[in-house]
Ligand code: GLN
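Next up: a single chain in structure tokens, the form predicted alone.
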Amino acid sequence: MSGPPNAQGGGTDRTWTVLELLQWTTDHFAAKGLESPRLDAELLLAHALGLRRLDLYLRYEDLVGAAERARYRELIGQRAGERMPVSLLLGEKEFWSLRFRVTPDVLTPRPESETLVEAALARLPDAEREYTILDLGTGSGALALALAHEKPRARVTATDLSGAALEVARGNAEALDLAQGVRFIEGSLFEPVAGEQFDLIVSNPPYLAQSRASALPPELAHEPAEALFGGEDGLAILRPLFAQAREHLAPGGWLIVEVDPDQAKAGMDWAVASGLGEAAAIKDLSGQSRAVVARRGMERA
């Protein structure tokens, strides 16, 4: 790649300011079709310089040294050429105003998943109650730890089929000083919590259809397939999750599951068929049906 990230440009030696690098990289990323070229440029340059993103605005005229340009050039190549997600290049992602370490072993927490946190908190209104919460398929721990942060008296359980993902989640819990309130267990679906019931079950399970993999953004190729795809039709995990959830909900307990917008109707139908009531779709900020919410009745049997 030629251009400002090199020590030379236009055939003559020169150095580049922070602003010049950002402008060139923004244009380069836009030409490559990246969705947020300026934001990506700022995040990567701040990382290369060891700064916060906001610090860049105060340093537009600062000259960037050769070593930092070399590092930045490498990041640009990985982002634009390999379509590596910015989160993996940085090794972290912010979710619910908390900073999470991410690796290729876990999905990058996405802003739309904050819809589940908002929905969960709205259904756990008692500040003093020791709610029991299950995050099924926790990945980086984003949902479990966001809820543990907001509900410090809650007893949170986080499960995942991947031991490597659980290691990342445990590390995030320790870094956020939330490890004391969260239990991590390895296993598939409800197997790790057999015989237990919870006031809230929340999950962002694999729900993408393998048959549509070729149409997905290339960035997803860098994330774990087992955390993305729910079989050929995307429903292989959702079906048993909805079918088995009722027996693991305490009377009056809530189930909140992230889905593809096209799966919301099926999710609501499965929730009702399993014996849950009040099934509804929850929309995210873009107006898309992002999750299905359902509640177990107050009956004890």
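All figures in this text were calculated on a predicted structure; none of them were measured in a lab. Position 1 is the first residue in the sequence shown; the rest follow in order.
Although not depicted, the form predicted in complex with glutamine is the subject of the following passage.
Heavy atoms within 4.5 Å of glutamine in the predicted bound form belong, among the stretches 149-157, 224-232, 183-191, 72-80, to residues of 224-232.
Distance criterion of 4.5 Å from any heavy atom to glutamine in the predicted bound form singles out Leu107 from the list Ala173, Ala120, Leu107, Leu166. Checking Met84, Leu178, Leu208, Leu90 for any heavy atom within 4.5 Å of glutamine in the predicted bound form turns up a single hit: Leu208. Put simply, Thr115 is far from glutamine in the predicted bound form: not one heavy atom of it is within 4.5 Å.
None of the heavy atoms of Asp40 is located within 4.5 Å of glutamine in the predicted bound form. At least one heavy atom of Leu220 is located within 4.5 Å of glutamine in the predicted bound form.
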